[in-house]
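As structure tokens, one chain now follows by itself in the form predicted on its own.
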Amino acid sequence: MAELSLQHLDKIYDNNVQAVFDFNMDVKDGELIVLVGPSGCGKSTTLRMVAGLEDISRGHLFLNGRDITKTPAKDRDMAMVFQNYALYGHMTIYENMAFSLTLRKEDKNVIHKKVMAAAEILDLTNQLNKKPNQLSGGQRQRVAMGRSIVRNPSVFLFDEPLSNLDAKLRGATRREILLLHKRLGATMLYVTHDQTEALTLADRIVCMSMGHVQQIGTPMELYDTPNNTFVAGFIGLPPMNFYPVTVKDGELAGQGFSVPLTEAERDTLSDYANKEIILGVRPEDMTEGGTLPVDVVTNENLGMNTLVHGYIAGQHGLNITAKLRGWKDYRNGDGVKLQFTRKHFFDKDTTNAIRKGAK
């Protein structure tokens, strides 16, 4: 059992630069939590504070109800998997996986059983006599994970473990991590800048920007009901389209275009009559056959879907990306009329999502 509680964590460096602001979260036993955000948002710093590799400037960290804020990293019962594998090139795979247990001077028979069990889980049984340079990047990352598994820690920490892999290996290793989590039932904190990893791996996602937590929730919650324009634009691929519009009688009036509102949408925006808001539309929430004219610039066929890039007709500054079902053959200069099947609304000043009855 491993439950974590991060209470009001701040990280302030000696030059008074603050990297993390008031981070609060309770992690349940067996959860896989993914911290996601752009470079410099504070996600790796937060993970390193949990690991004990960075001092916590303010706040408290609890593991199973025990305050470990000042506990040294070696005594926190956590294992970290790094981006660069950190394997010993002169050792065999077996020796790499056994290394931490050897340092602890555990019984050789116990070490052997733990290494062989981890190797079976990770499909490395036939690689144990090889050196790291004889393995692929994906296999080396599995060795790094195996080195953590043999320690049987309370918490696994992953710091962008797939960044050095090519696209195919990233997908395969991501699935292996997901299967590993299900098999071990372990508590895991995982850091990435890749929102695809976050959406596919996480029980819950922590989306961060500039040291602040923007939203914590399930992948569907962040995708379907983002708290603000940052989360809406970061989660989802391609990113959400945004347009400044004014709420008028039964419609949204933009620069050179208008979009009709449903009765439910009018109710949601009842407090914003004649005010400017931000309209957000995901590319996959568009279909052909509407009334919004779009001038096509490029067309990307992806098999079952096509990404159509262009701009709202006559408005070169209002770029639009639509993800349409099927194989399309639009060319530069073609016109297409679209409709929005779902819309998101955000306050212009706060950039927060507008919910029903909110001001």
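Model, not experiment: these values are computed from the prediction. When you see a residue number, it is the position in the sequence shown, counting from 1.
Below, we turn to the form predicted in complex with a small molecule, even though it does not appear here.
By the heavy atom within 4.5 Å rule, which residue out of M49, A322, V294, C41 makes contact with the small molecule in the model of the complex?
For this set of options, the contacting one is C41.
In the model of the complex, which of the stretches 7 to 15, 331 to 339, 21 to 29, 345 to 353 has residues with heavy atoms within 4.5 Å of the small molecule?
Among the listed stretches, the partner-contacting one is 7 to 15.
Can you tell me if T306 lies within 4.5 angstroms of the small molecule in the model of the complex, counting non-hydrogen atoms only?
Close contact is absent here: in the model of the complex, T306 is far from the small molecule, nothing within 4.5 Å, heavy atoms only.
Mark T45 yes when one of its heavy atoms lies within 4.5 Å of a heavy atom of the small molecule in the model of the complex, and no otherwise.
Yes, T45 lies within 4.5 Å of the small molecule in the model of the complex.
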